[in-house]
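Next up: a single chain in C-alpha cells, the form predicted alone.
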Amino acid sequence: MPNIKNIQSLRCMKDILDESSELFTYFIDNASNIAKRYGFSYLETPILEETILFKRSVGESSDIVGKEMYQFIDKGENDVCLRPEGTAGIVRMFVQNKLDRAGGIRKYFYHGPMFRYERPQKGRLREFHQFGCEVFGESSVYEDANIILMINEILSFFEIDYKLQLNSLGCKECMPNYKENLVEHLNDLSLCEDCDRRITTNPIRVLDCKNETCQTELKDAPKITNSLCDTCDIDFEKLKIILDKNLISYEIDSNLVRGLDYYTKTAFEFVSNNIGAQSAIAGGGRYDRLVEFLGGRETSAIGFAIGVERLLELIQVNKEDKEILYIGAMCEDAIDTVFTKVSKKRKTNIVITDYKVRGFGKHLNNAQKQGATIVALIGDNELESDTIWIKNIKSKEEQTLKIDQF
C-alpha cells in the first residue's frame, strides 16, 4: 500500500476531549445556569454570515475585519465568512425578526465557536469558543452594573481572580469633539503603520494598539473621560457608585476601547495575570447605535463575551458532590440484570458500565479509571440472593443490598 499521510487538525484549531471536554461542559453548564437566573434565554445564530455584516458592525478599521476573518466566496457567489465574534450576528437576528419594532426588553445568552486567523500565541486559537450575553431595549446604567455583577458571579463561581478595567467611550454627542482633539494630538506622534492608517479611519482605535513604542507615544494623549458630555459623565459616575456599593473593585483605563468599532459609553474588560500576555478573559460594553447601523430602529443595547478556552486554563471541576455509579457483572447470567439496573439508574444518576464479565479487582480498577465514586457489582452469589454488592470508593464503606433497595 502507498504511504498515506496522517491527517492532522489545522494549526491553532484543537479537539476538545476527555479532561478538556469535562472542563468545557462544566463551564458552559454553570455559566448558563447563572445567565438564566439573571433572566437570559438561550439563542443560537449561524456560524456562517455575510461578510458585510461584520464590516458594517465590527468596522473595517478593526484588525478582525482587516486581517483576521475567514472570508470566501461560496458556490452561490455570496461573499461570506465564519463569524469572528457573536454580537453582530445576534443584532442581525434582532433586526431580521423585527424585534426592534416589538418594544420591550430582550435578554439572550449564547455560546459557540468563533474564527479568527490570528498569529499563534498562548491563549489564542483560530477556532475558539465564546460565552456571551446581550441585552436589548434597556438604557439604564443599572443594567451596565448588572452585567458586570453577573460576570463577577460567573468568575467567582469558578474561583477566578481578576482585575476589572473600566472606561467610558462617550456617545454621538461628545465623541466627535474628542476625535478632533485626538487626531490633532496623534498627527504629531511617531506611530506604527497600522496606527497611521487608523488615524483616518477610526482614531480612537489607536489607543488600543499593543505596540510598546506606540503606547509610550500615547502616554500624554487626551482622555475621553475628560471630554464626556453631561449625560455620559453622570452615567459613568453613577456606574462607579453602583459598583462601589456592591463591593466590585475596578480601575479606570482611559485607553480601553475594546478593539471593535461599535462600542459607546461603558466599556470594560476582566483581565487575569495567570494566562500570559493575552490577559483579557471577558469584556464588553454598551453599543446603543449598532441596531440602527444594521438597519433597525435605534435601540439601547449592552453585552459581553467570555473567552472559554482562556478560562479553562484557570478552572477545575468541583467533583466533591458529583456521584458517579459504576455497575458491573461478574458472571454471564448477571449481564441482563446489570443492563436493566443501569437503564433505571440513569433516570436519576450518572452511570457507567461494562458489558464484559470481569473479576472483582478488574471491575474496581476499571471503575476508578473512569472516575466512579460508587461501585456496584452482581455475581453468582448476588444473583442467587437477589442482592447487589456496593462500595463507596471515597469512604471505603461496603454493603450488600437487595436489588430493589438499590
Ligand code: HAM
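When you see a residue number, it is the position in the sequence shown, counting from 1. Computed from a predicted model, the values in this text were never measured in an experiment.
There is another form of the same protein, the form predicted together with this ligand; it is not shown, and what comes next is about it.
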I'd like to check something about L191: if you look in the predicted bound form, is any of its heavy atoms closer than or equal to 4.5 Å to a heavy atom of this ligand?
no
Does any part of R258 reach within 4.5 Å of this ligand in the predicted bound form? Heavy atoms only, please.
yes
Residue-level question: is K238 within 4.5 Å of this ligand in the predicted bound form, judged on heavy atoms?
no
Verify the contact flag for G170: yes if a non-hydrogen atom of it lies within 4.5 Å of a non-hydrogen atom of this ligand in the predicted bound form, no if not.
no
The one residue among T87, T264, S272, T299 placing a heavy atom within 4.5 Å of this ligand in the predicted bound form is T87
Of L155, A282, M330, L325, the only residue with a heavy atom within 4.5 Å of this ligand in the predicted bound form is A282
Which of 129 to 137, 197 to 205, 170 to 178, 155 to 163 lies within 4.5 Å of this ligand in the predicted bound form, heavy atoms considered? The stretch 129 to 137
What residues in 297 to 313 sit within 4.5 Å of this ligand in the predicted bound form, counting heavy atoms only?
G303, F304, A305, I306, G307, R310
